[in-house]
Every structure is written in C-alpha cells, then in structure tokens.
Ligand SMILES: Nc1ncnc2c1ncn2[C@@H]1O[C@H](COP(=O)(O)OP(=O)(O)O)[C@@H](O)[C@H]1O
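One chain comes next, on its own, written out as structure tokens in the form predicted alone.
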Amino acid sequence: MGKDLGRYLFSSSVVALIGGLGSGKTTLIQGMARGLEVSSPVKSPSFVLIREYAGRLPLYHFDLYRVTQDKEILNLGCEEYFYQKRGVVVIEWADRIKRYLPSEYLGISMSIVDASSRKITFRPSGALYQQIVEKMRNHLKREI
C-alpha cells in the first residue's frame, strides 16, 4: 500500500501520520519511499528528527516522537519544508504538529488490529489528496 501511495504523491505533498508505537508508520513510509524510487534504506529518524532521501521526488521524513514543545517544532523549520521544498514531506506523530500543518494534506491514522494486521484510515484535506485516496481505492478494488 505504501509503495502505491508513493507513486501517487506529487511535489510538495504533505502526509501526516498518526498512530501509536508499533502501528506501522515507519513501515508505511518505507513503502512510500519505494514508490518514490528512493534507493537508500529508510529508517526511523527518532534521534535526528528529519531525514532526507533522494528519489523521483525528495522524501523528507519527520519523526516527532521526542518533540514535546512548540518551540522545538518551530525550530525544525517546518514551513520551509511545507512551502519551499519540492519534495514529499511525511510526518510521524503528526498530532504534535497539527496546528502548523498546511491547510491541505493527507492525514493517515493507523492502529493495531492484531500482531499481523493494521487499520489504516485516510483523511484527505483538499481536492488533490481526495484524488489520491480515490486512486488508492480504485487500485485496491482491482487487486481484490
């Protein structure tokens, strides 16, 4: 699913992931990276906060797990990534930055169903992201 999603993302896309530990956020991003043709391994940037990867479009991977204060978020330079960089921004623990997100983005909620299953809910904000969700829905129907 992540690989397919990565193929549909466009320059300046913002994907906001919300879910608990072990819900699959990093695994989904690894799939998105394959769809964006990123060749280097993608890992959780928990101690670095932002990792950048080259691909068909650059991938900017934020992990805000350790961020606790608004000033830490502002010091990351999020606006530069949201509005000036020409790549795909994916944010783990996006609930910690929600008030700073652009008005249009793709929200994805993830939760654990059992040891091998996850529930993924797409929450598009904006027409372009709604189109991506429709493409994903149509793609999944063809695979079933």
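Everything numeric in this text was worked out from a predicted model, so none of it was measured. Residues carry their position along the shown sequence, with the first being 1.
Absent from the display: the form predicted in complex with this ligand. The rest refers to it.
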Go through 98, 118, 43, 34 and name the one with a heavy atom inside 4.5 Å of this ligand in the model of the complex. 118
Heavy atoms, 4.5 Å, this ligand in the model of the complex: which of 25-33, 82-90, 51-59, 66-74 makes the cut? Say which one. 25-33
Does residue 127 reach this ligand in the model of the complex if we count a contact as any heavy atom within 4.5 Å? no
Let me know which residues along 1-22 have a heavy atom within 4.5 Å of this ligand in the model of the complex, or say none if there are none. 20, 21, 22
